[in-house]
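Read the single chain below, which is given as structure tokens and is the form predicted alone.
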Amino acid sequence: MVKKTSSSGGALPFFVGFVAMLFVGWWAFPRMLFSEVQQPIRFSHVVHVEEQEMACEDCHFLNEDGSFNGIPSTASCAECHSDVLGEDPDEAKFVEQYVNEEKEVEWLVYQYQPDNVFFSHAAHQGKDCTTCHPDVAKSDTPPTYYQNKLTDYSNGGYKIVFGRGVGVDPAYSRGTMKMWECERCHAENGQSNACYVCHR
């Protein structure tokens, strides 16, 4: 009489393999795909927004031709920081290495869009900035820039946890500038989702 073998011997290797795949796909692969980069200067929005009561538009504004000035130039920052004002070592670094040397800071742009995407800040100026961007006004230190090694794009400043972008701070806990979000917002506000609206 032939003894029937147990099926548990096949289930265990399958389970171990399944867990191993989850570990590689959700934990190991994202760490291999993204590199962590820090901004060249630790810029505090808290100091500028809360302590100095500056508005977003003081640094981020529309030019007369409708283009958007997303990042202030060194010259505009030097209007206040021609000399070191406080005791912050990063402010001193900024004045010494960029203002005095008349160099632009190579800021890392979290929401940089691909070349085939056209986004007009002028068309969206009625929206609050935090509709699309993380609320950086409450940040004292810029979030880590997670750069995709294949595309060079940022994941938006989110910490990668189990393969997904998850913020370490509530200000960065949501996605931003993703195509599906743009489409949903357009649909909710009665705007066209035709391809040519964003891709030209």
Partner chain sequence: MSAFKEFPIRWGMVIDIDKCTGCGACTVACNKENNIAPQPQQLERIAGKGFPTRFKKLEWLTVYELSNGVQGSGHDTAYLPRPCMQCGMPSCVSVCPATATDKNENGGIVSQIYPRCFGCRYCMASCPYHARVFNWDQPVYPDGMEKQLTPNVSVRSRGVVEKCNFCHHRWMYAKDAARVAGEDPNALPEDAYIPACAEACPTGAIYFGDVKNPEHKVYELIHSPYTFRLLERLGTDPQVYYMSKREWVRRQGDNYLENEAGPVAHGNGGLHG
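Residue numbers count along the first chain shown, from 1. These numbers come from a predicted model, not from an experiment.
Same protein, other form: the form predicted in complex with the partner chain, not shown, and the subject of what follows.
- Identify, from the list 80, 75, 109, 122, the residue with a heavy atom within 4.5 Å of the partner chain in the predicted bound form. Only one option qualifies, and that one is 122.
Check your understanding: Going by a heavy atom distance of 4.5 Å, is residue 113 a contact of the partner chain in the predicted bound form?
Key -> Although the partner chain is absent here, residue 113 would stay clear of it in the predicted bound form, with no heavy atoms inside 4.5 Å.
Any of the heavy atoms of residue 179 lying within 4.5 Å of the partner chain in the predicted bound form?
Flag for residue 179 set to yes.
- Task: Check whether residue 63 has any heavy atom within 4.5 Å of a heavy atom of the partner chain in the predicted bound form, and answer yes or no.
- Result: Because a heavy atom of residue 63 falls inside 4.5 Å of the partner chain in the predicted bound form, the answer is yes.
In the predicted bound form, which of 137-145, 29-37, 50-58, 65-73 comes within 4.5 Å of the partner chain (heavy atoms)? Within 4.5 Å of the partner lies stretch 65-73.
Taking heavy atoms and a 4.5 Å limit, what residues of 183-200 are near the partner chain in the predicted bound form? If the 4.5 Å heavy-atom criterion is applied to the partner chain in the predicted bound form, 183-200 yields 194, 195, 196, 197, 199, 200.
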